[in-house]
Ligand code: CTP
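Let's start with one chain on its own, the form predicted on its own, as structure tokens.
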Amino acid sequence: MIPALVESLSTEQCAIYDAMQVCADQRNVNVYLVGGAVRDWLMGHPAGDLDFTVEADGIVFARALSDVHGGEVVAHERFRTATWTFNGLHTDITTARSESYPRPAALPVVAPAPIGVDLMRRDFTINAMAVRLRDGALLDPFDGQADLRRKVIRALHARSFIDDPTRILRAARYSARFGFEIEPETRVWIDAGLPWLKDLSGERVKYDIEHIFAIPKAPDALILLRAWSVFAALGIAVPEPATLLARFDAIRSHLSTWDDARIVPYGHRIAAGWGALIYNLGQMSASRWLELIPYTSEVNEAIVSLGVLSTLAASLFDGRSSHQSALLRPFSAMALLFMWLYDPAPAKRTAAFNEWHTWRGLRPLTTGDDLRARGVRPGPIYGKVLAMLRDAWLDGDVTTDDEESALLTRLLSQ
């Protein structure tokens, strides 16, 4: 079993796998490859990030790896887990543990435990499998392999979504990503978890929704959540299914034509996902998202501005370019991106694209120094004259250096 699994890994992943195996042998502890990598391997998919569980202290084990091989270790003391970054890859190393929940939606209280108990704390059967590095044994206590064959998402127990309601978001993501059905009893358990969604922190909701945005079938997952009344439980309206499908199709088809470098650091796809959920849904929905989710300042600013931007009349964008640019100048690049992707009015979408890619960067050839050389005393007149020259270029009234010079002469004579 181990040779077949290792053959599915990249060269960089093999180096990490081998380092884990050697360190486990040297320290005489059991180490397991767990979760998504095992699932993906059994499905014949390339493995994503490698996650390992150690029947020992995960932080101590990660530091032992770093001492021998290098790399950086970031420890998470509360859960005795660590992330080892080596050769550009991030590897999570956890202490095998039990979890108990003091109340619904709370973070768990953990204690060291054997791997069998650790697998019981997982979200779904297809993620509750492990491969022991020492001998290649596959541990599958909940028959996750059968559920992979049946193509179903099945939770491990009735309190799963009460203990951790974020599992509802993950159920929709896995169902959409793999094309799996939700097992009927699990679907009943999802309903039991809905009342506890409101007790989650915004950071936890944000984490799982942004993971949904990252998959190709993101709208399918969001439509599932909508059908399950997840957003209603959070007190937030979201677009109709057809609108969600159209907006994520716009992301897929058109996002690459926008200028990446000038909107970072947040990133286009994730930001566009939030815009797809919020654009033109009204100030109440936007405010509710802003109250719940700890956005970066860039996204927060864009969402705040959507109430005005989305309600600008399309007729305002049939006139001169200078007038359109003046309307859009107060808005950030990210807000303009949302308008370009999602507004139903073609004239508004065109104006948003032009403002960011052309109009905003346009400057007249004349400078303040030129005005001073022409004998104009410094003051507000400088800004007015330069703005009029810029507008002339935007509107096509000026198309050459000589035409700008002639216009400047006329303006100064007035």
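Nothing here was measured: the structure is a model prediction, and the numbers come from that model. Don't overthink the numbering: it's just position in the shown sequence, from 1.
What follows is about the form predicted together with the ligand, which we do not show.
Proximity of Arg154 to the ligand in the predicted complex falls outside the 4.5 Å heavy atom cutoff. Looking at Gly36, you'd find a heavy atom of it within 4.5 angstroms of the ligand in the predicted complex. Among residues of the shown chain, Thr81 is not one whose heavy atoms approach the ligand to within 4.5 Å in the predicted complex. When contacts are judged by a 4.5 Å heavy atom cut-off, Ser322 does not count as touching the ligand in the predicted complex.
Comparing 135 to 143, 220 to 228, 166 to 174, 281 to 289 against the ligand in the predicted complex, the single stretch with non-hydrogen atoms within 4.5 angstroms of it is 166 to 174. With the partner removed from view, the residue among Ser332, Ser310, Asn127, Thr186 that has a non-hydrogen atom within 4.5 Å of the ligand in the predicted complex turns out to be Asn127. Among the residues Glu298, Asp343, Asp123, Asp147, the one placing a heavy atom within 4.5 Å of the ligand in the predicted complex is Asp123.
Within 4.5 angstroms of the ligand in the predicted complex, the stretch 41 to 65 places a non-hydrogen atom from Asp51 alone.
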